[in-house]
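One chain is shown next in structure tokens, namely the form predicted alone.
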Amino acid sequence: MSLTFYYPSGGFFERVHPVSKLICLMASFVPPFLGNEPLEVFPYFSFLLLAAFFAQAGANLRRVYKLMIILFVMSIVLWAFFYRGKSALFTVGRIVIMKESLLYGVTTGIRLNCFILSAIIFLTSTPIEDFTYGLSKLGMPFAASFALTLSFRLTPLFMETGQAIVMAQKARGLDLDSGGIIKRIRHYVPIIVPVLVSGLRRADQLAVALESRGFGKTKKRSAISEFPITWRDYVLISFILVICFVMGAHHFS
């Protein structure tokens, strides 16, 4: 299974200009804050879910749906205890659960999942190279944009290395599933050390490779690909702005 999120499909989102996708990604984080109740935020969540399937991000959604459920449940539980309300809904022992607290927890959980869906759509339709290109075109220094996007490139490699080391240690008889939590943590020491050593070796090799290619020698860099502005960019940006305007008008009215 590939550990990266990018899925080359040639669809609508993939052919949008990287700068437009970055602008839409940042704008997509605004509408969830323009709703104070679940029914005000859920339609936007449904729209993002439909857009995710339109972007053929189903495989990536299956990889993160457990995280989305955990965030949703934890949001309800935490805000039910820490957010003050006025209308008592029910009582658990000495703890009084307020209606406002529960609704706020549900709303916050939907917001968090909206952020995840927006990121999944972006990562599914955007190669790392296009991500770097978009950040550079927005004015970020190339060294900073390269360092930021490098984390998206190296994280899957570290995960793949960790999985390979786990399988190798299990083949040698290492038991990672038995015992208490302290014992399990001790069992992971033979895995953590090789991963760290591999990461340091990979970082050193990357530094040598970048220096040999003259990284940072010139301030202005050329790009291997140029992306034209098409009707898809105008449609996508206009659509996001309309959603922000409609939800903002409803929120402040």
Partner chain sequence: MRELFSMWQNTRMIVLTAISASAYVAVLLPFKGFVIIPGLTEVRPGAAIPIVLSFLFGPAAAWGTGFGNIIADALGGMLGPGSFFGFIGNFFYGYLPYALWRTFMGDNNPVQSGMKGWLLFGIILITSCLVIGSIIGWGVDLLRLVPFGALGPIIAVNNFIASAAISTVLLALLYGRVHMWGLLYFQILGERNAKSMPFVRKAARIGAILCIAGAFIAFIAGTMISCKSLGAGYGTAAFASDAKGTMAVAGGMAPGLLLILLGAILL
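Numbering follows the first chain given and starts at 1. If you superpose the two forms and keep the largest set of C-alpha atoms that fall within 1.5 Å, you have the rigid core. Since the structure is predicted, the reported quantities are computational estimates derived from the model, not experimental observations.
As for the form predicted together with its partner chain, it is not shown, yet the points below apply to it.
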task = Answer for G139 alone: is it within 4.5 Å of its partner chain in the predicted complex, judged on heavy atom distances?
result = no
query = Taking the shortest heavy atom distance, is R62 within 4.5 Å of its partner chain in the predicted complex?
reply = no
ask   = Taking the shortest heavy atom distance, is P43 within 4.5 Å of its partner chain in the predicted complex?
value = no
inquiry  = Within 4.5 Å, heavy atoms only: does L150 come near its partner chain in the predicted complex?
reply    = yes
message = Is it the case in the predicted complex that R84, I120 and T155 each bring at least one heavy atom within 4.5 Å of its partner chain?
response = yes
query = Which residue, L236, L25, I243, V19, has a heavy atom that falls within 4.5 Å of its partner chain in the predicted complex?
reply = L25
request  = Just give me the single entry in L39, L49, I185, I69 that has a non-hydrogen atom within 4.5 angstroms of its partner chain in the predicted complex.
outcome  = I185
message = If you apply a 4.5 angstroms heavy atom cut-off, which residues in 19 to 42 are near its partner chain in the predicted complex?
response = L25, F29, F33
inquiry  = When the rigid core is used for the superposition, does L49 move between the shown form and the other one (threshold: C-alpha shift of 2 Å or more)?
reply    = no
inquiry  = Once you overlay the rigid core, does the Cα of V195 travel 2 Å or further between the shown form and the other one?
reply    = yes
inquiry  = Once the core is aligned, does R186 move its Cα by at least 2 Å between the shown form and the other one?
reply    = yes
